[in-house]
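Next up is one chain by itself, shown in structure tokens, the form predicted alone.
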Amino acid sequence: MDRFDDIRAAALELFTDRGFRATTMADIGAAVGMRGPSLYKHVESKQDLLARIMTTTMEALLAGYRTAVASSDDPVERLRRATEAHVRYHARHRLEAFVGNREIRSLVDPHRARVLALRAEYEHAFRCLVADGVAAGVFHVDSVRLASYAVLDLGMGVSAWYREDGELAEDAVVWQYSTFALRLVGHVG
């Protein structure tokens, strides 16, 4: 792990525990054994650090989505795979999910606009999956938009309760949640 990765990990923990506004650069520095001013050799600002965390999170989610759906044209299989990737990411990256949801209000433009655009792209991708299934006659929903929001909320919720050492294995949660997603969109199969 390089120095930036250490700083990012410390900031992520502190932003989760204290919130962005209550965390200082001195706090982050202390967590990695550096003086606050020395951090500026590795990051431009606390705002830049938050933006990088949130941007890389959304970029990772989009990349995971694209990989998941790339090898199938079947709407059912594509939604299952996309949901699995979404849930798995949130199970493995709970702090990023927490900070990404809670601290969007702390971002300022142009960072905020960039993260919101990535979020919109991600939601739109899920909405298109649902719309494709409706068009193919395999999904039955009153609102494609609400169905895509519900599927996304499933995965984001996992980050609040899932633990690697809990009673449920990650693969079991991922499979069950993908089944829930298909039920949400009215797939009977």
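Residue indices: 1-based, along the sequence shown. All figures in this text were calculated on a predicted structure; none of them were measured in a lab.
The protein also exists as the form predicted in complex with a further copy of the same chain; that form is not presented, and the subsequent description refers to it.
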**Proximity to a further copy of the same chain in the predicted bound form (heavy atom, within 4.5 Å), stretch among 66-74, 52-60, 37-45, 152-160** = 152-160
**Asked** Is residue 32 a contact residue for a further copy of the same chain in the predicted bound form, using a 4.5 Å heavy atom cut-off?
**Response** no
**Prompt:** According to a 4.5 angstroms non-hydrogen atom cut-off, is residue 141 in contact with a further copy of the same chain in the predicted bound form?
**Reply:** yes
**Request:** Determine whether any heavy atom of residue 124 comes within 4.5 Å of a heavy atom of a further copy of the same chain in the predicted bound form, and answer yes or no.
**Result:** no
**4.5 angstroms heavy atom contact with a further copy of the same chain in the predicted bound form for residue 7** = no
**Message:** Given a 4.5 Å distance limit between heavy atoms, list every residue of 4-24 close to a further copy of the same chain in the predicted bound form, or none if there are none.
**Reply:** 16, 17, 18, 21, 22
